[in-house]
Structures are given as C-alpha cells and as structure tokens.
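Here you get one chain, nothing else, as structure tokens; it is the form predicted alone.
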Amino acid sequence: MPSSRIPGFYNLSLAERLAQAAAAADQNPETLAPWTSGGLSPEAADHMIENVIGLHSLPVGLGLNFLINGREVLVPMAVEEPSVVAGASFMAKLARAGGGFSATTTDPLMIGQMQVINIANLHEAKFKIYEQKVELLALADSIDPVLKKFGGGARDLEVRTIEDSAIGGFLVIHLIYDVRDAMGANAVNTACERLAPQVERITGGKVHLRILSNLADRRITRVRCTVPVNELAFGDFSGETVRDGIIAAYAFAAVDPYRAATHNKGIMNGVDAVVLATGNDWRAIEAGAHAYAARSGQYTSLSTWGKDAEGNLVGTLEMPMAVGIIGGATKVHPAAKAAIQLMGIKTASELAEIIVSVGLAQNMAALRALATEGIQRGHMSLHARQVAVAAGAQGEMIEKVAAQMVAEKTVRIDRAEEILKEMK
C-alpha cells in the first residue's frame, strides 16, 4: 500500500472515497462494493441466524493514517457513534511521527473448560487426569486433522480443584488448544465434547459443562506507540500540557473502577468497530476484555500512559484478542470479506494487531479531549449534524443548522426545526 494518509478524505463524495480507498489498498473497486449495498442480502442473512425478518445496517468509516509494524493499513470501522473514526484517525496521524504502532501477539491459544462433578475424591481425580494427560492430548489432537496440518491442535491440560461452591466441590479441566487463524469456538467446543467420556472414565465423575472460555488470557495482543511531545500541541495547549493531562487521566482510570469502565469503553469504541467490520464476535471480545481488566481483583485500565526519557508520550495496550479470519461470518458475509481484503490481512494475528492499535488510538483521542477542551466539543459538532438531518435539513443546510446549534451549545431536534424555519 502506498500510504494510509489520504489528506482531505472527508471532503470527498462517497463514490470518490470508495475509489480512493480501493486505489490506496491496491484493490479492485468491485471488491469494496458490498459496502455500498448494505453488505448483505436478506437471502444470505436468512442462512446466518434464525427467524430473519430483515437487515440492520451500520455506517462503515475508514480509519486513516495507521502505520502498524511498519505497514500502511486502511482500517474499516463499523460504528454508529460520532467522532470515533475521526478521533482514531487523527491520533494515528500523531503516532506516525513516532514510528506508528508496534504490536505483537502470543500464540493463538484458547481455553476449553470441562466441569467435572460428582467426584468422591477431588485430589485423587486430579492426579489421575494428569497421569493420563498424554493420552488425552493425543485424543484431542486427532479430532481436527486439518487444524493439526496447519500447526494447531492440543497443547496442554490443566486441572483445578474447586473445594467449595453452591454444589460442593468439583474439578475444572482446562484444555489449551492452538486454533491458528480461527476464532476457535467450534474447534475447542468439539474437542471438549469428545474428551468428556474419557474424562468421566478416568475420574468416575460426570462432565457437566464443556465449553470454550471467553477469557482468552493465553491469546494476548499488545501494542505500544510513542508520540513526540511537540505533536501533541494545539491551540492554547502546549505539548507538555496535553501529555501530562493524558497521563493524569490515565492515573484516574488505573485506580478507580468507575472511571476505568468509561476509560475502557473508549478503547472498545475502536476495538469493536473493527471487530464488527470483519464479522468477528464483538461480544466475546468485550467479555474477555473486561474480565482481563479485573484479573488483579480490581477492575482497572487496559491501557497505560506515561512519558519516556525525552518527554514523549508513550501508550501501551494489552488485552485478549480472540479473532479469526476463517470460519463464521468472516467467510460468508461479503462486507466482512471486503474488510479483510482492504486491510491486506493474511493471518488472524495481523488482524488482532490492527484491532488493538485502533483501540489504543481511540483511547488516546478520548483522553486528549477529556484532558484539554472536554469531550463534548467534538461530540457536539458531529452529533449536531445528525440532529439537523433528523429535523429535515438537506445539503448545505445541514452544516448551517449544525453550526448554529453548536454555537448556541444547544443540540436538540426542536431547536434544529426552529432554525430551519428561521432560515427558510
């Protein structure tokens, strides 16, 4: 890709943006056509879920300026909230001056859980499982020969004893499974189902629940960025003032769960937008992220912000990222396939690294706004346009009505209707 920097992109028409995006990603414009038609036909939707009665569309915007591990990336983002795409794109532009985003992923290991109940002696049963661990892993490995061929399969078994619960004691067995480029739910759930009879024979108990865990803490993606302090300056705010304001805002989220919930929601604004655009399970990602944020016993920030020896702003983000590029909606949803193609993604790890980079960028955008002029200014401007359209404004009138409401600091549909009448 020549560059993810496309100056003036927001000034182009819809057709021109699509053409520019295709050219920048070296794609045929027809590849991106699903986005101009809602991305999915009712007939295709009828095969995806039950009781289909229609479609529900979301806007797809393009995250610009992203340089991730030295590679230019245009990022499709499906989101309804104003300022998310613009905020992430602008922060990506600032991060470019420091080399962009550097991201890494661990191996794609997922956890399948088996709950074993009705056991006479928990510790004896635990040791018996470990004694036959090799045989159990071999059985799990034999279930999916295609996955095994591509380097995936069973990696380990771990056993925990739960001594006291509402039903008394039971065992929890974790099957650690490498799912390669899949999200992994189907492969892991199938493996747990197949292992259940053998586990029951070994322990003398009953395997009750057997299902994947969405706390994918063996499948972690990490990203960092460095923003030169001079890049942070704007208006009456010096770079040092913005930097210190962002760090102070992070410090609040790090120690207070009420603030951390909103702080992390800002991260997920970016994360979920890319997860949705690629047809992945945003609910699983949300569940894993928030559980991971509470792993110490107190819910806290997923990101960190500080400064380096030169005084530049440094941000990091670490979170579970169980996404795939094979299976599920990623292969049957035309818009999801277009998103994967536009980003030039070859592996699930690449997708994970892009997603966390967008999450960190969006987090920085929110903190910068909060620490300087307040979150409402950017939100109000974009929200005002939506309200103006809802009130019936068209063409140039949209911007005029929106601008007057922002100037009055009153963004309401009744006021938009009044302004329209006055202008007519």
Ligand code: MEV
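Numbering starts at 1 and follows the sequence shown. Everything numeric here is computed off the predicted structure, so don't read it as measured data.
The same protein also exists as the form predicted together with the named molecule; that form is not shown, yet it is the one meant from here on.
Colleague: Which single stretch, out of 387-395, 363-371, 49-57, 63-71, brings residue heavy atoms within 4.5 Å of the named molecule in the predicted bound form?
Modeller: Of the stretches listed, the one contacting the partner is 363-371.
Colleague: Is there a heavy atom of Glu81 lying 4.5 Å or less from a heavy atom of the named molecule in the predicted bound form?
Modeller: Answer yes; at least one heavy atom of Glu81 falls within 4.5 Å of the named molecule in the predicted bound form.
Colleague: When the contact criterion is heavy atoms within 4.5 Å, does Lys265 count as touching the named molecule in the predicted bound form?
Modeller: Yes, Lys265 lies within 4.5 Å of the named molecule in the predicted bound form.
Colleague: Report yes if any heavy atom of Asn269 sits within 4.5 Å of a heavy atom of the named molecule in the predicted bound form; otherwise report no.
Modeller: Because a heavy atom of Asn269 falls inside 4.5 Å of the named molecule in the predicted bound form, the answer is yes.
Colleague: Check Lys206 for me: does it contact the named molecule in the predicted bound form (non-hydrogen atoms, 4.5 angstroms)?
Modeller: Answer no; every heavy atom of Lys206 is more than 4.5 Å from the named molecule in the predicted bound form.
Colleague: Only one of Lys93, Lys133, Arg259, His174 gets a heavy atom within 4.5 Å of the named molecule in the predicted bound form. Which one?
Modeller: Exactly one listed residue reaches within 4.5 Å, namely Arg259.
Colleague: What are the residues of 302-341, in order along the chain, with a heavy atom within 4.5 Å of the named molecule in the predicted bound form?
Modeller: Read in sequence order, no residue approaches the named molecule (within 4.5 Å, in the predicted bound form).
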